[in-house]
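A single chain comes next, written as structure tokens; it is the form predicted alone.
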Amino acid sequence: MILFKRASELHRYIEEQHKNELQAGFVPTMGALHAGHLSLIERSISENDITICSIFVNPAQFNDPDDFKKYPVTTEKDIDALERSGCGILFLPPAEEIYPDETYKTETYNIGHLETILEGKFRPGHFQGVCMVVSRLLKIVSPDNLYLGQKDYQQCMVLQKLIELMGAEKRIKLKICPTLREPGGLAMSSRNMRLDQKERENAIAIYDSLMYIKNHISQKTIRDLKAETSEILTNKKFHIDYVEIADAISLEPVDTWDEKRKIVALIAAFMGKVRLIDNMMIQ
């Protein structure tokens, strides 16, 4: 595995590979890698000539400074996991390589209603920070394929919009990969490292709640389902940001379902000081 810390050096290397007609896959991460990340690496390796992974904890996407400070950093372990996975390139930049000046603070991205609902509502500024860092990474890496996990469902939609805003939709293909889960159903997440044993056991209630929605969507009203799943989570000591059932394409909340429309159930809630998100396609 080749390690790059300088954006210009990585960009030149990838450009040379493109001249040789080699296809590049890209997996952007904030480190603290788990099996879910490695499944994205595996998919990229299977579909591309070169696979690039980046590790950069992006300060611009944390609306809570304390959350940024507590984000787990396991760089040596991550490098070892990437080497064993067969990843070809690791981009491990210092902050000044991504944000070399102060101009980024004035940048805005027109991502429409996605910025005002669900994650956008409860984490103001978060998606602007995500767009900020990913736009820079995409310009540096110049991938053919971008790999993301479905757990971050709304973020996937935001980044598809970003690719369109960059005029790169014909050049960069977004590949959304299934959420990997721990035994019991808890979605794999770097934040799970901050849960103690009891919190981890309780956190399975998010998956149980999503399954409850999926299994009862034809028998109960959406209003009742949201109320009942909220009660399940509250009983497991969660502080809920949202339990929502939305159109799978627009993410607009739905009040009724005709059993034909594609919908998705989404949950964000705190277990102690750790915020967890998950989702499940209903159809």
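Position 1 is the first residue in the sequence shown; the rest follow in order. Remember, predicted model here, so these are calculated numbers, not experimental data.
Keep in mind the form predicted in complex with adenosine monophosphate (AMP) is missing from the figure; the text below concerns it.
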>> At 4.5 Å between heavy atoms, is Y109 in contact with adenosine monophosphate (AMP) in the predicted complex?
In response: no
> Is there a non-hydrogen atom of G125 within 4.5 angstroms of a non-hydrogen atom of adenosine monophosphate (AMP) in the predicted complex?
Replying inline: no
>> Is it the case that D152, even though its partner is missing from this view, gets within 4.5 Å of adenosine monophosphate (AMP) in the predicted complex, heavy atoms only?
In response: yes
> Is the gap between G31 and adenosine monophosphate (AMP) in the predicted complex 4.5 Å or less for some heavy atom pair?
Replying inline: yes
> Just one of I98, L138, I204, M188 has a heavy atom within 4.5 Å of adenosine monophosphate (AMP) in the predicted complex. Which one?
Replying inline: M188
> Quick one: of S85, T179, N145, T74, which gets a non-hydrogen atom within 4.5 angstroms of adenosine monophosphate (AMP) in the predicted complex?
Replying inline: T179
>> Looking at heavy atoms inside 4.5 Å, which stretch does adenosine monophosphate (AMP) contact in the predicted complex, given the options 32-40, 254-262, 237-245, 217-225?
In response: 32-40
